[in-house]
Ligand SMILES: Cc1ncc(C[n+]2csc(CCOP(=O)(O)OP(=O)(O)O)c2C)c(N)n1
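Here we start with a single chain on its own, the form predicted on its own, put down as structure tokens.
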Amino acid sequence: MSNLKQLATRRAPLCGGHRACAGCSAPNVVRQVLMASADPVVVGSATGCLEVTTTIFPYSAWNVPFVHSAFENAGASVSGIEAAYKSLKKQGKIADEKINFVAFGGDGGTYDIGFQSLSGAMERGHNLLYVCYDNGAYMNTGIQRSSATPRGAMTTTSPVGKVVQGKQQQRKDLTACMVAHEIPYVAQTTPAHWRDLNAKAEYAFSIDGPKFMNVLAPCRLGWGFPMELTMEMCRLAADTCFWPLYEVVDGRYKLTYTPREKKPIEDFLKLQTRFRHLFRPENEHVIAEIQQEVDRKWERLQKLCKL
């Protein structure tokens, strides 16, 4: 794994001055993933916060080749780029050099609208890395719920009132969905755990075939926390086991981070205004149910890792 000194010598894939919100974690995710590649990269991105804040015409914050595709087809677009590269190389029309192909998408463009193209890219076996920066809702279009939104969270389409108390359903486990595709590599991490993220991205770039990384990307606007707490939110997500850090290599599970002390889910929820209604006496049972679900999934993951 590269150390900080080595990473500091590499050209940043994003320049400063992009228009992401102060405290946005998506640019951190992009920088950390792409700086793990010692080889040239070609990037595709679904419509979303990342695309809107880095490519407002006529400007671009990208220092690497970048293609914007529609909300639903980042996986298909980068699949096509990778296939074209293989064809041109086979025909001898371009140099035979290693290029890493990366697709980025938020949870709206990955869990939901873009799931079919992501699944197709993985099933076809394209040599690319798909990275989901999961901020837990459609943040770019007004903070609407997605299938990545946690239970109980308040969004503009899962409001809080007398009848409904935020989102009623559990979030989709997209990482498990990708494992079910039986691809060579699947990983889950956060930008606050930079060594973990860097090691996983470097490994993904070192092997052939389809790879997927699900990276938690706290949104200070949609989640409702002070912008200086972005990385703290990542650490709390891991320490409460709401967002475990693990990888699956050729079907073999491995935990890459185990909290010294597993914190209660309240520590993660209480700092976010989207969950403040759950701390009313009449809604505290929802917190208990969320804790039960987190515990169940954590115990299941430990068994899969044979701990």
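Throughout, we count residues from 1 along the sequence that is shown. Just so it is clear, the structure is predicted and the values come from calculations on it, not from any experiment.
Below: the form predicted together with the named molecule, not depicted.
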Interface stretch in the predicted complex with the named molecule - options 273-281, 234-242, 247-255, 46-54, non-hydrogen atom within 4.5 Å
46-54
Interface membership of Ala137, the named molecule in the predicted complex, 4.5 Å heavy atom rule
yes
Gly108 near the named molecule in the predicted complex, any heavy atom under 4.5 Å?
yes
Taking the shortest heavy atom distance, is Ile113 within 4.5 Å of the named molecule in the predicted complex?
yes
Counting only non-hydrogen atoms and a 4.5 angstroms cut-off, does Thr156 reach the named molecule in the predicted complex?
no
Looking at Tyr185, Phe225, Phe101, Phe71 here, can you tell me which has any non-hydrogen atom within 4.5 angstroms of the named molecule in the predicted complex?
Phe71
Students should find that, of Thr141, Ser119, Ser206, Gln170, the residue having a non-hydrogen atom no more than 4.5 angstroms from the named molecule in the predicted complex is Thr141
Output the sequence-ordered list of residues from 186-218 with at least one heavy atom within 4.5 Å of the named molecule in the predicted complex.
none
